[in-house]
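Form predicted on its own, single chain, as structure tokens, below.
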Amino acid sequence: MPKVGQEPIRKAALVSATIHEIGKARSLDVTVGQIARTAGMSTALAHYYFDSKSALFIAAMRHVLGEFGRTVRLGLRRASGPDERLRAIVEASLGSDQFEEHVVAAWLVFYVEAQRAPEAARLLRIYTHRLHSNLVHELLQLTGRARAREIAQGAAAMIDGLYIRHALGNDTWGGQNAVRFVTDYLEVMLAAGDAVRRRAE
């Protein structure tokens, strides 16, 4: 029987090991036994805490999304005004910590799993909704609601697309280049909206 008080520590170790092993394999082609060994425990104990590899992967993605959410919130707290806050969202989405090898692999597997696993699909919907709503919240201070939603959809699509391109090996699309592409897009779209309003007045 597992020791009382060890559950959070062992679950965290298993989640970390899951991300590590997925990063090495760049797929879900890993076993619970491999994950357990990396976490320093038996396969039986891993199964005690998580009843399947799928449950382990979902826990791992919740962890990745939680870390991403904390990065976004920290960036927003440090920013001043909607322009800086928009940049903070983009930088959190395309920052260096998001491009660590094991995190990249986890995200790529996540996108694939979301096409067939309901819980992965639900988590992906939560991520996309939060990204969209964070962008819209700041854009509403700079433009109208319909325009804010349109620009947010484009920015979110760029973030995901740039991330995938960089993850697949094209370094042109990573780091500050990627941040600049998205922030340039936001500036151009907001400026275009201002120009349309001025012509209508």
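All residue numbers are counted from 1 along the displayed sequence. Since the model is a prediction, treat every value here as computed from it, not as a measurement.
If you look for the form predicted together with a further copy of the same chain, you will not find it shown, but the lines that follow are about it.
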### Query
Taking 4.5 angstroms as the cut-off for heavy atoms, does R77 touch a further copy of the same chain in the predicted complex?
no
### Message
Can you tell me if V179 lies within 4.5 angstroms of a further copy of the same chain in the predicted complex, counting non-hydrogen atoms only?
### Response
no
### Query
Given that the partner is absent here, does G33 sit within 4.5 Å of a further copy of the same chain in the predicted complex, heavy atoms only?
no
### Distance check, D29 to a further copy of the same chain in the predicted complex, heavy atom within 4.5 Å
yes
### Task
Assess the spot marked by A105, V112 and E150: is a further copy of the same chain within 4.5 Å of a heavy atom from every one of these residues in the predicted complex?
yes
#### Entry: Stretch from 62-70, 159-167, 136-144, 33-41 whose residues place a heavy atom within 4.5 Å of a further copy of the same chain in the predicted complex
159-167
